[in-house]
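Before any questions on how it binds or moves, here is one chain, the form predicted on its own, in structure tokens.
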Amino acid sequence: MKLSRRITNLTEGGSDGWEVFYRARRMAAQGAKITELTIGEHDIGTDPAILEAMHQAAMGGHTGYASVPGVRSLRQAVASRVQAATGVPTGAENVIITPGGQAALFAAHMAVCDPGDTALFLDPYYATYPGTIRGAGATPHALQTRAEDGFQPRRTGLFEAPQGARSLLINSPNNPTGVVYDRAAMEAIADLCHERDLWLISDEVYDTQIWEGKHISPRALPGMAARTLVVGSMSKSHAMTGSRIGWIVAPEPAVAALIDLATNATYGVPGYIQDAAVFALGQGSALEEQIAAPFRRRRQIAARLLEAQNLVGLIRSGGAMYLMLDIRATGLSGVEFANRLLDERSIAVMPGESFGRAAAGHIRVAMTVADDAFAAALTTLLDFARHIARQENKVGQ
């Protein structure tokens, strides 16, 4: 018996990009002491007050089927948050609650793409993007950004997109680079969507982690609200990664169709988790800033360490919990560097190649361990890079 081509072709028979992460976890399970700087998982747990709200909701009986689009109070809380941040009129009817941001990405592509449609996305990209698009039956097509441009999308590169595409997926603040797309980039993206009649799917799960500049939601640009689906999540903003609570903000007809999809796919999100999310959003920006603060500090720690050397380059990041480091001067690829760093220094990072061709020769470092451990790991990483560079120079002589 054969499985469907849709499910067996998610990675086109190749890498899913997570090999170094899986290997680090296996090593740790076997007793090795590994410093993991791989995935975007907070080193603090969900706030106890949020867990208490979840507990009280469950004990209070909100454990049966919840409303498939999401409980009204949560849909309204998300709408109010989005409207306050962007100035775009947003109501509960513009919001559907999903089992996390990943489910929202899949649902958004299911909503706007027919089988065989070309779905565009920007490179570097979060590792699941191509597989998510294939899973929805569309054909992924990457548009390259360049390290030389700080991985900012540029008009020329965007308009190299093939004619006839149906959608464009963007992510700002960006995972893996931490780059916050500037106004010129967002306006070029909007112009492309208008000219080519594209749906825009905007992954904004890192919108509370802004270190420099300003987050611009493209839904707020002229004429874009009618063609934009915004993906959001509690995972990064409230350290609720395991709670699997996300959303899509979209035009009302799209939300109505997405409700039909959810009825036949997920049948909603547990009510007691939604109640906890309502409580968490009710704490306002103070809690979001508290969750973001460790990454702001660690970014400053990294900047000081990297400024003291000139071998490893730092892509100027304006947000998110990651650093993108340029290690091309070592002579190694990102994959080679990450595997050797794990084997020889017991530090796990993600190769840039896991996130597309544009990030080749880079590594992504998640700032997800305590400050002192992070500083020690980054110091070791930089020492390792110098060691490799010396080795490579000797070989070349």
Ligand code: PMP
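Computed from a predicted structure; not experimentally measured. Residue positions are given as counts along the sequence shown, with the first one as 1.
Keep in mind the form predicted together with the named molecule is missing from the figure; the text below concerns it.
S.K.: Among 281 to 289, 148 to 156, 84 to 92, 200 to 208, which stretch has residues whose heavy atoms lie within 4.5 Å of the named molecule in the predicted bound form?
M.R.: Looking at the other structure, the answer is 200 to 208.
S.K.: With heavy atoms only and a cut-off of 4.5 Å, decide whether Asn175 touches the named molecule in the predicted bound form.
M.R.: Yes, Asn175 sits close enough to the named molecule in the predicted bound form that at least one of its heavy atoms falls within 4.5 Å.
S.K.: Examine Thr139 and determine whether its closest non-hydrogen atom to the named molecule in the predicted bound form is within 4.5 angstroms.
M.R.: Flag for Thr139 set to no.
S.K.: Is there a heavy atom of Leu105 no more than 4.5 Å from a heavy atom of the named molecule in the predicted bound form?
M.R.: The answer is yes: Leu105 has a heavy atom within 4.5 Å of the named molecule.
S.K.: In the predicted bound form, does Ser233 have a heavy atom within 4.5 Å of the named molecule?
M.R.: Yes, Ser233 is a contact residue.
S.K.: Just to confirm, with a 4.5 Å cut-off on non-hydrogen atoms, which of Tyr272, Tyr126, Phe295, Phe121 contacts the named molecule in the predicted bound form?
M.R.: After the contact test, the surviving option is Tyr126.
S.K.: So which of Ser317, Ser167, Ser237, Asn171 reaches within 4.5 angstroms of the named molecule in the predicted bound form, heavy atom to heavy atom?
M.R.: When the named molecule is considered in the predicted bound form, the option within 4.5 Å is Asn171.
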